[in-house]
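In structure tokens, the next block holds one chain alone, the form predicted on its own.
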């Protein structure tokens, strides 16, 4: 049976967003294990009862943050259009998508810090949920490489292996950008990634 989509009115959507933003910063500052619902409601400046109107637990709000981040990445990373004669060249579309996805992460420092906590959290539930998130990212990258081969943008590659390698590189780049006192621009980082990483796989 398909789950029903609950549509919130604008005021409730804004309150939910307020809670998610507060939770994201609390998780980024304290880690999942150190975060508490009390800290989240304190930062969001809401009553405890208000929190439970939207989320049943700390785990639920954590999962919602990752779900929304994944949804945004799926919108940003999509199949390159080679059928529309007015579309930009495939290489340009590829660059635009990578720039958009990287900007989405690094411009939200709290989200970036939360994602970088993967592998460092002592909480098994959070570690499992982060592993699931990055598994979805790897799958997104794998399908992108498969698509690149189909449209002859890439030479024959091992999509799953390449996706794992790219994910590791991207995580390292995100960490460098958000921790460096004078970070490079996202566009310059993407140009470097494309030059170094894709040079060996472009058709």
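Take the two forms, find the largest set of C-alpha atoms that superpose within 1.5 Å, and that set is the rigid core. Positions refer to the first chain, counted from 1. In this text, all values refer to a predicted model and were calculated from it rather than measured experimentally.
Omitted here: the form predicted in complex with the DNA. The next part is about that form.
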| item | value |
| --- | --- |
| One residue of 167, 70, 46, 178 in contact with the DNA, assessed in the model of the complex (non-hydrogen atom, 4.5 angstroms) | 46 |
| Single option in 157, 174, 151, 37 placed near the DNA in the model of the complex, where near means a heavy atom within 4.5 Å | 37 |
| Residue stretch of 159 to 167, 49 to 57, 62 to 70, 140 to 148 approaching the DNA in the model of the complex, non-hydrogen atom distance within 4.5 Å | 49 to 57 |
| The DNA contact in the model of the complex: residue 17, any heavy atom under 4.5 Å | no |
| Residue shift check between the shown form and the other one, rigid core fit, residue 48 Cα at least 2 Å | yes |
| Residue shift check between the shown form and the other one, rigid core fit, residue 187 Cα at least 2 Å | no |
